[in-house]
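The chain below stands alone and is given as structure tokens, in the form predicted on its own.
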Amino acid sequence: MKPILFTNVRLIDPQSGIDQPGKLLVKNDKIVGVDLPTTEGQPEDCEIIDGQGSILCPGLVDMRVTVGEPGYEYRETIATAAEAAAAGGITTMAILPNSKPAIDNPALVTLLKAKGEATKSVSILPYGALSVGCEGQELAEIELLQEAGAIGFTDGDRALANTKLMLQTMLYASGFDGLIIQHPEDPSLAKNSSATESILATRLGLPSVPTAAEAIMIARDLRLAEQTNCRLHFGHISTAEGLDLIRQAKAKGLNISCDTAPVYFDLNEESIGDFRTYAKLSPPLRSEADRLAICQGLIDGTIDAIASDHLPRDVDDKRLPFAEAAPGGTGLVTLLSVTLIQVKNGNLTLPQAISLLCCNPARILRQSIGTLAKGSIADLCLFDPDQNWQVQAGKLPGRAQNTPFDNRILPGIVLGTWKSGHRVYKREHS
């Protein structure tokens, strides 16, 4: 394929310390030149892409994604998730293992990676199951899973509730420097809940879970991580109390990290409105005070990464009474745009946002991606932060359409996505 020269772009790569107008040259699948002078190293036969002042950054690294494959292909397949990811500027997805069957054996890890390669548009980094079948009863063969390519271990949207088993797991994982990812929610408190415990939940008559359910699980696992020196990551942090515990543990030097999802810094519990099932999520949407605390966690760096928390559901999962509807929302296409709201309102700079979406997830997962450094793989996202678009459920890329942001006007249009130097998405003029 021809070399590609991006011109008239704002290059942003926090990992390399780059934030400046310039040019970038791609040859084959690698970045071979950054901010080249007009005549130096510029092939005569290259394709020239004029960014017209748009942002060129590394492809997004989404570290928390559920897909329907294997077992729930009617909700979504890897191919349809890859389509949505490309439209959202995402070039790498870390896939949760709570599928059917669960990703608890090395052959399934290998299969998922191969399916990602087959799309030619997204890399799949599989998480291995923490327990057999993600059922929380028996430790999975996590070291073998890591040898097969699993990047960490989790039971997905289920917390590992058995304290003794979690201690054994952390001791085992610390022996080979494995990463444990926890869904921080005490399952006995969260069982059958639909909303956060509040006046609103009471008024709507919904079974609810106290925010303490998150803090209780975080406090337990922080103590175990301190005892074992295990690498520990908490997914989708959503409460002020949980965040404060993580902030304190980081100050003590514990080997921990955490992410949140756009819904938890952009929406609050009022979004469920009159039983709006698209806004039924796990964990549930929280109070405005919690939302503001999550925003502060992004600002002060307590939160390391933003992940889509993409969880596809079909119509039959959502067209039910609120208490019976399945939790979950799509997030691949809206990940960048909802994050850019935090840039528009002054909470984050663009480089900070891109760190949370690209560089930091790559660092936590120990992947040599998420950078524009010379010699790195040309996974790229070109976007215009000043153009807006409207979210329309039913018309989004990919199969899953259950978005809590339906009808919202969002900033930031992805103009193009490149995977290993190949263009995998081009924005069509509307």
Partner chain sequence: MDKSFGQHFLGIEGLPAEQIEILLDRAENYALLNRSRKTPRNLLRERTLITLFFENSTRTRTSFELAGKRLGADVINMSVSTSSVSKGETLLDTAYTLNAMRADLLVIRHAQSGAPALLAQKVDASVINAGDGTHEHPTQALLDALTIRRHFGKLSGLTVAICGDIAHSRVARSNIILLNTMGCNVRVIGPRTLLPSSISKMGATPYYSMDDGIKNVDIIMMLRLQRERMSAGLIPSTREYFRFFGLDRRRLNLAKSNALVMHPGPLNRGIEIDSHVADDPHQSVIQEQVEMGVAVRMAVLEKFSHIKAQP
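Note that the coordinates shown come from a computational prediction; the quantities given were computed from them, not determined experimentally. Positions refer to the first chain, counted from 1.
What comes next is about the form predicted in complex with the partner chain, which is not displayed.
Only one of 212-220, 317-325, 81-89, 113-121 places residue heavy atoms within 4.5 angstroms of the partner chain in the model of the complex, namely 317-325. Interface residue remark: residue 198 is counted as part of the site for the partner chain in the model of the complex, having a heavy atom within 4.5 Å. Shown alone here, residue 205 lies within 4.5 Å of the partner chain in the model of the complex, counting heavy atoms only. Contact between residue 74 and the partner chain in the model of the complex is not found at the 4.5 Å heavy atom cutoff. Scanning 267-302 for heavy atoms within 4.5 Å of the partner chain in the model of the complex gives just one residue, 275.
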